[in-house]
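The chain below stands alone, shown as structure tokens; this is the form predicted on its own.
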């Protein structure tokens, strides 16, 4: 399905969602941000969707916020319009961070500035070696906002974060993987195959456990050990309330059937 600024299709349990402004290097406009929230709503609880992959049409993933539509035209309408545009963009990034299904950023090209918001929001990120990453805000006179500064500080070492933000220099996918902005980088020609391979691994997992796990990793990062310990106990109990039979089946196959080893693969669902 293609609808203006966002395109998507669902194949074998994977929702392939794409920024669809290739002529603008997939810059995020208010229209795109509103449409992306609608697409996330539509796909989140579909039974035929187990993993969501976010990518971009053409040669870019997303070159960030549309300077003309998101900044100049919105600011000309006043503070109310600016705050609305911020709520819409930050809103779908936040929604993606806590999405029901596991998510993968498939960074096929340019990823700049505001693009770091959805990049961070995805659970995993695989980039093309040829992709370009950059915080170009310093080059046109602002700081890396919209969460971008928080993203680099959370994901990469402080000295690298400082250099990245202060110089505005772009890095390629290999360097992004070295800095841990992404999990790994592969040649562009192999990118979709590698992402599909990872998505298929996730599709084999218990979906309730996956949701609980991805939320736990984000939550406990900012907790003390004792608070995290308590949270994780409660989170497991809550997950059991939704899918205790799934947990018991995994234990049964391991202990009684000896049909799999948890350290080497997932139990057979269904």
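Numbering follows the first chain given and starts at 1. These numbers were taken from a predicted model, which means no experiment stands behind them.
We do not show the form predicted together with ligand COA, though everything after this point is about it.
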Problem - Triplet 110, 113 and 137 all within 4.5 Å of ligand COA in the predicted bound form via a heavy atom - result: yes
Problem - Contact label in the predicted bound form: residue 64 to ligand COA, heavy atom within 4.5 Å - result: yes
Problem - Residue contact check: residue 18 to ligand COA in the predicted bound form, 4.5 Å heavy atom - result: no
Practice task
Classify residue 27 as contacting or not contacting ligand COA in the predicted bound form by the rule of any non-hydrogen atom within 4.5 angstroms, answering yes or no.
Solution key: yes
Practice task
Answer with yes or no whether residue 23 is in contact with ligand COA in the predicted bound form, where contact means some heavy atom within 4.5 Å.
Solution key: yes
Handout entry: Stretch in contact, per heavy atom within 4.5 angstroms of ligand COA in the predicted bound form, of 182 to 190, 113 to 121, 82 to 90, 196 to 204
Key = 113 to 121
